[in-house]
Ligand code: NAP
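Take a look at this one chain, the form predicted on its own, written out in structure tokens.
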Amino acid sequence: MKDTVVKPRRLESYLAGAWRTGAGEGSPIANAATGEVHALIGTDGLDFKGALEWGRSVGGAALRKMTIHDRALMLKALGLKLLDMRDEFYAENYATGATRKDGWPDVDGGIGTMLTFASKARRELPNVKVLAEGPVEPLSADGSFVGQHILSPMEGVAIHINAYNFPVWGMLEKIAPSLIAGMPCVVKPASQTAYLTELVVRRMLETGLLPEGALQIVTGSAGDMLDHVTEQDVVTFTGSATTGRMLRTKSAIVNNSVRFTMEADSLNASILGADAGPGTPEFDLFVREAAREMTTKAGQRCTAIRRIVVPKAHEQAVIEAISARLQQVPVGLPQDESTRMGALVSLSDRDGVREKIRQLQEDAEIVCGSLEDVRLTTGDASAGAFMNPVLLHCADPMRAENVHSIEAFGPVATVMGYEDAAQAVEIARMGRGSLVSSLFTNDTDITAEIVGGLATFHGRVLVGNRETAKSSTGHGSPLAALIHGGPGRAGGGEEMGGIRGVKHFMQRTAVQGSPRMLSAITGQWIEGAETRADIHPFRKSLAELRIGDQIVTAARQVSKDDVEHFANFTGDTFYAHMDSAAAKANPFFDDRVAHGYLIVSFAAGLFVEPNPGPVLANYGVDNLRFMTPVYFGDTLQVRLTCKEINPRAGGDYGEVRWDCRVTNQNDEVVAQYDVLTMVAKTWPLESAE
């Protein structure tokens, strides 16, 4: 019986509301491990200008109708759906040459990144369409003219051009902050692995969770797409520096000042501290990390360790220890359970890596592995893009050039020695800017000196030691909460970074006007804006509460007995509260003063409405400042104003921020802060009996 021949899948692009196939049969894309044609790709004849216009007019309009929380909840629901589909993605992942373990940071990591952004947006940002940023800036002495920075979604399309090594994570880590910001996306994956990205996008669109126009994909050449970008569009690029520089200088990008973020080549270094010799936990962690970084995804990671920087006294020990680990790595078909390292993404990439190794040999010698010989447990080295890890040693890194300028994008790294901490930093900086460097040491002085020297040349620095051995995510793992990018040859851009990444896709605008006008724009009460005083605002549910609702309380006098009782009851007997002579000797006080937290406690007693009602809980204060000392006999009065209402999507309550201003008998502000409460959307609660 003949084997069934699987016909290669013709990849499609989703543009302007439909799946579309480019003209012709398409170009073949090979399975990285078997060499068989896995898919056909091509975009000839597709209308990219129309796709961008459709994204702006349809997708952008739909996303901007939603609040930030609406968009975050959409991504959460989408991420949970994708988790249920992982097995299908992992099966397709094998064609990229990656093992299932190697696919984990791409598939699960990408979905996890999307879910992290969704969670951070709901936790850290208000449920609004226009985001106020920073404090209100007073622009006149009487407070009638103020300024406020706001952030609003760009009204273009975010075009994400991605590399082949992370076809899932590379897409999801970019579209997550874009969509939360309110910008529709066009994804352009690298052709070598576009079949996996296309499959994930297809499944995402099938869920129906994304509004029409929010996500498009181009599988194949982007043609003239970048000729049609406008000042409202954003372009992000991950790939080679050569390609990135070419795209960055396209006339439409230059003429329209289009935001362009590039993540490019990076000769990342890992440094072994002088204290971390053989036999220390840090030495073992360093060796394990270096070997893992060389072999994970066959070394085809933008964050992989390329330069292994060690004290000269430990060079040979490091070479022997890493070589011993590399020689035990089974290389073969990625779907085989015994395989620890699969194939590179293509035969041409393997040829390119070998050529780069030859160039590195001008500065270094191979100490483990072979340039041509391939040892496999399974698979065919003539058909699949397999190669064994190659470790080199550079005896004189201060005079070498190629090891600091040429990246062999595969399972390749070079060991080099340093004399002291300053030279270790200098060697790392010779890479002319990197995404990440790592330092393995248990010495705090070494850490402070080396990290201080690395920081300006790196987007991220990981410090590894015995304390983080079990919890660290490792040298090569970008995280959604932290920026991913780096200066110089690494591209000069930043991605992710938590809410920083979201703001990249929004326009920052300084708005000037009266407090009443700015309050209407931002949805936040500003000092000087309108107020309303009727029933106690704590008796109002979110359905009834309005920005500017206010109560001005009765006054309360602070006595000596109050202060001494509070001191004895809490144990806070700081001299300024208890010793008149010592307090007078203090340059800030004229005599004994009330505790700051006594003032806050008295303020709560003045403004709280004690009966059960819509205010469910107090969960903290922000920006607490004590501004004027309170002496015995002073009186306190509180003005409490509803400052911001943040309904929680999908819940029966929301967060309310209150401006709390505590004054004395001279109308001097003694304390100012924001009170944070949970308030029911309706009252009584529907679940209450």
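In this text, residue numbers run from 1 along the sequence as written. Since this is a predicted model, take the numbers as computed values, not measurements.
Keep in mind that the form predicted together with this ligand is not shown, yet the notes after this line are about it.
Chemist: Please identify, from 376-384, 150-158, 222-230, 313-321, the stretch that has a heavy atom within 4.5 Å of this ligand in the predicted bound form.
Modeler: Of the options, only 222-230 has residues within 4.5 Å of the partner.
Chemist: Just checking whether residue 213 would be counted as a contact of this ligand in the predicted bound form - the rule being heavy atoms within 4.5 angstroms.
Modeler: No, residue 213 is distant from the partner.
Chemist: Can you tell me if residue 237 lies within 4.5 angstroms of this ligand in the predicted bound form, counting non-hydrogen atoms only?
Modeler: Contact check for residue 237: yes, within 4.5 Å of this ligand in the predicted bound form.
Chemist: With a 4.5 Å heavy atom cut-off, would you call residue 391 a contact of this ligand in the predicted bound form?
Modeler: It does not: once this ligand is placed as it appears in the predicted bound form, residue 391 has no heavy atom within 4.5 Å of it.
Chemist: Verify the contact flag for residue 165: yes if a non-hydrogen atom of it lies within 4.5 Å of a non-hydrogen atom of this ligand in the predicted bound form, no if not.
Modeler: Contact with this ligand, yes.
Chemist: Looking at 247, 115, 615, 446 here, can you tell me which has any non-hydrogen atom within 4.5 angstroms of this ligand in the predicted bound form?
Modeler: Filtering the options by heavy-atom distance leaves 247.
Chemist: By the heavy atom within 4.5 Å rule, which residue out of 293, 265, 198, 102 makes contact with this ligand in the predicted bound form?
Modeler: The option sitting close enough to the partner is 265.
Chemist: If we check this ligand in the predicted bound form, which of the residues in 455-490 reach within 4.5 angstroms of it by a non-hydrogen atom?
Modeler: Stretch hits: a single one, 484.
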